[in-house]
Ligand SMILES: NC(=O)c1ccc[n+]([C@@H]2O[C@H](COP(=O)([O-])OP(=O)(O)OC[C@H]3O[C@@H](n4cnc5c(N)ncnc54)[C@H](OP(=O)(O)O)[C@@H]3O)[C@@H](O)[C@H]2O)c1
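Form predicted on its own, single chain, as structure tokens, below.
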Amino acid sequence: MEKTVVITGASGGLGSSLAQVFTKNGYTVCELSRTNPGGLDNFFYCDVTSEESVEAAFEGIKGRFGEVDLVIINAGVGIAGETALMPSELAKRALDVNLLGALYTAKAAARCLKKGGRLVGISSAAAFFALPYRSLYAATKAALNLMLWGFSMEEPGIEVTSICPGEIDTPFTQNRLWHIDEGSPHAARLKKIAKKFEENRKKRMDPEKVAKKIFGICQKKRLSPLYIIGAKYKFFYLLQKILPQRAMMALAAKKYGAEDE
């Protein structure tokens, strides 16, 4: 029997790659996004920052396909800049998309998934340790993990996992909400970091390969609460369990640009 998957943020980046991989493997893919550049038949308009929009999209899916097998919370936004100078509207945007959007999706999914269905959250390796100039992003992804794991304890009829990839070569990085205050003594450093992010694109993971890994995880007989994609990021995860917090913070500061070279 053909299975149905719902993917939020499926109009581009990793979401688009996920849609392609699941379609190639026989799934009916329901793509939720604010835009439909490909003119897809199973597109449902959805602004994840609006609970009403999310509810309407899932009602439309249930009306057309009935209960679904899998929901992937993929919609997300990056944010970077000095925490102390971050405009509140940008911080709110990150929280609305990365955390509240995920909450709205999880709530709707609970009423749309089949018994034994699966809810998969695309989080980030950044969820496990503080990052200079990306503290808000890391915080939203850490909160996403905890929210999903709590949700799984409350909804025993749904299998839940959080998948945490490292950096992927998608427009997500270029579309990150950067805030650089020209009056700040850190402005030059932030511009240098932003430039380095763009120059390091070749070192990022291929979105199609990541999508295939996520597909493979979704096919497992039983899901673990957490998966990390990328050997380097698995190593960092182990480090943060071994090293004292101060040492981990010093390492992150050196690697991600809080210290002068």
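Residue numbers here begin at 1 and follow the sequence given. The structure displayed is predicted, hence computed values, not measured ones.
Form predicted together with the ligand: not shown, discussed below.
In plain terms, the part of the chain that comes close to the ligand in the model of the complex, with a heavy atom within 4.5 Å, is 47 to 55 out of 63 to 71, 22 to 30, 216 to 224, 47 to 55. Of the heavy atoms in G116, none are within 4.5 Å of the ligand in the model of the complex. Contact annotation for V97: at least one heavy atom lies within 4.5 Å of the ligand in the model of the complex. The shortest heavy atom separation between R134 and the ligand in the model of the complex exceeds 4.5 Å. None of the heavy atoms of E159 is located within 4.5 Å of the ligand in the model of the complex.
When you look in the model of the complex, the only residue of K195, R34, K203, K232 with a non-hydrogen atom within 4.5 Å of the ligand is R34. Contact residues in stretch 99 to 138 (any heavy atom within 4.5 Å of the ligand, taken in the model of the complex) are I122, S123, S124, Y137.
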